[in-house]
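Next up: just one chain, as structure tokens, the form predicted on its own.
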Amino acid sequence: MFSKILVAVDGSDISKIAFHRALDLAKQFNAELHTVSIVESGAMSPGTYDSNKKMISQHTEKTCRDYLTQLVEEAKQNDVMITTHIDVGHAGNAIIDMSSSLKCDLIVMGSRGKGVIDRLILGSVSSHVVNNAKISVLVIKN
């Protein structure tokens, strides 16, 4: 049913649950599994602190790579082919763009269950993906 699955991960408990669900699906359907971790570009506002921003960005990328390495090991133990990706930008758009460029047929992601006020102020990545993706989206609720 699915041949390429993209799972969005950020190290949170809910994204770990989403990863395990995606891993199960990939194993069940003998599908390729792709993980993506997004560094939100909004977190790095323009300013005069370029060297600090670069240091923060490098630290964030290293943290992402370390985490993704753990996921690769877990996928290998389950005989699932996995490819990891790190991207920078608006998380919702980056997830949709990545799924499109990889020609995925399913996106799996967690939802933290933000309240109405948080969604209005901060937005909701999972809502954005569900409303704008051209493929099926499986949202794992907290």
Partner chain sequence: MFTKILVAIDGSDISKAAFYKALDMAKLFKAELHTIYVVESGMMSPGPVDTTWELIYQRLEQEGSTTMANLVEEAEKKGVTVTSHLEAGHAGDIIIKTGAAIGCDLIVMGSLGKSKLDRLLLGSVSSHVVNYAKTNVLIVKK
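Numbering follows the first chain given and starts at 1. From a predicted model like this one, the values you see are computed outputs, not experimental measurements.
Not on display, but discussed next: the form predicted in complex with its partner chain.
The candidate site formed by 21, 138 and 141 is fully in contact with its partner chain in the predicted complex, as each residue has a non-hydrogen atom within 4.5 angstroms of it. Shown alone here, residue 67 lies farther than 4.5 Å from its partner chain in the predicted complex, counting heavy atoms only.
The closest heavy atom approach of residue 12 to its partner chain in the predicted complex falls outside 4.5 Å.
Interface residue remark: residue 28 is counted as part of the site for its partner chain in the predicted complex, having a heavy atom within 4.5 Å. Among residues of the shown chain, residue 82 is not one whose heavy atoms approach its partner chain to within 4.5 Å in the predicted complex.
In summary, among the residues 106, 75, 91, 98, the only one with a non-hydrogen atom within 4.5 Å of its partner chain in the predicted complex is 106. Counting a residue when any of its non-hydrogen atoms is within 4.5 Å of its partner chain in the predicted complex, the hits in 1-18 run 1, 2.
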